[in-house]
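In the block that follows, a single chain appears as structure tokens, in the form predicted alone.
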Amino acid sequence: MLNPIIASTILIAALYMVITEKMDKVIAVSCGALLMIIVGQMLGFYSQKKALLAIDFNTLGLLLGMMIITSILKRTGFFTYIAITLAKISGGRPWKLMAILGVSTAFISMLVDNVTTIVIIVPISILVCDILGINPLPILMAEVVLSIIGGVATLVGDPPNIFIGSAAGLSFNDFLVNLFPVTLVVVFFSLFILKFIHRKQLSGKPRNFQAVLNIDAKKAIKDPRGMLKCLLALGVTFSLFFLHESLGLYPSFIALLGAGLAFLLLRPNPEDIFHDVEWPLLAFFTCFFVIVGGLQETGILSHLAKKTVFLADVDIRLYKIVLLWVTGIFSSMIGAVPFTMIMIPIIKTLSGLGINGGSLWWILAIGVGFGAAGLPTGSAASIIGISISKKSRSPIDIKTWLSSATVVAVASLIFVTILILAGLF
């Protein structure tokens, strides 16, 4: 009994340091991983070899490859061109601008990770709103919230999905078939919820739409030929994602192949591209894999899973609903990524015990994905989006978040609960 207590203490201490920001998150989980290995070897439940095996290199390779492709595409000016073009299409009307930019952000987040999407789109949106003389708050809120929701739809849109796909052997097409339809519905009804909540801010009229019309979106494209080449590499990457099961290719191999193709076609300075890669994020994931691996070796996660099986025997729909809300609430509190890593071994155990594992993986993905919007701490996209919004005239504060994003998260989970009761999940 001592081993599970010590391993759990290490995990809780690392999470505490990350959530309270008393220590840099990478330093916190690095110390936690090192301590888990040392203590595990002393007590005989963990080893250096087991720690290496606990690291999911398929997940890390997929993340790295997509980060490289996105970095190369960003430097061509493609995303800036898209944002300016969409602003022109809106006609300067705040509600239409929020709808176009919000939905576009959701769809971009399905193709590249939502953190990158926010880093690119939000600063451009602030600039456009300043030129128009309108309140940027509703638009920024819609972009951040819908980027979190949109990322749930695909394998590559959100890090938790990448972890789940790798652990459960789920393909890019599996995510599209099972999660894209429900995500699409949630994106659009969330947009109208946000419209109702921010109806006063959206009632204003732009002062200077002509200035936006005068912006030449084509000038935002720094390298037209490079952009086309990078889009070709991205197209090849996603084509292979669709076919990876029949071709027998790992998603990580495809992402790295796409990154290599983009490098070959554009020949950018590797130092510039690798500078954009979120190395601290990859280090964080690596160390957290080691921590969770140690916890799993003690058997406590399997024990917890087995203790809940009786509830599934009573009513499987009730079990799924409890799983949905538990994952939604805790992912918003401690973060979607750490909680997903903790839950994966539990869902694996449940699948091994004969519970409907396929359905439980989708419940986990939806719960952590939609639930992450509940609090600002739930997603890296929300943390970064709030930070960038401080450069605007109307930054996102905790009151605004609770009155809009939290409402959307709860409504989304209620909607999925109805789907579970109807037998659709």
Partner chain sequence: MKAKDIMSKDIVTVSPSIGIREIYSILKKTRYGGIPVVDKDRKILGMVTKSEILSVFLPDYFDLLGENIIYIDDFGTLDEEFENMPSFELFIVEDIMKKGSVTVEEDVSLLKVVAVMKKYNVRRILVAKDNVLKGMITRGDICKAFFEENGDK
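Values in this document were obtained by computation on a predicted structure and should not be read as measured data. Residue numbers count along the first chain shown, from 1.
Unshown form predicted in complex with the partner chain; subsequent notes refer to it.
Figure note: of the listed segments 128-136, 317-325, 334-342, 165-173, the one touching the partner chain in the predicted complex, with heavy atoms no more than 4.5 Å away, is 128-136. Checking 298, 252, 80, 104 against the partner chain in the predicted complex, a heavy atom within 4.5 Å turns up for just one residue: 80. When you look in the predicted complex, the only residue of 246, 203, 239, 214 with a non-hydrogen atom within 4.5 Å of the partner chain is 214. Site residues 207, 220 and 392 are all in contact with the partner chain in the predicted complex, judged by any heavy atom within 4.5 Å. Within this chain, residue 388 lines the site of the partner chain in the predicted complex, having a heavy atom no more than 4.5 Å away. Interface residue remark: residue 234 is not counted as part of the site for the partner chain in the predicted complex, having no heavy atom within 4.5 Å. The partner chain in the predicted complex comes within 4.5 Å of no heavy atom belonging to residue 260.
Looking at residue 124, you'd find a heavy atom of it within 4.5 angstroms of the partner chain in the predicted complex. In the predicted complex, not one residue of 13-45 has a heavy atom within 4.5 Å of the partner chain.
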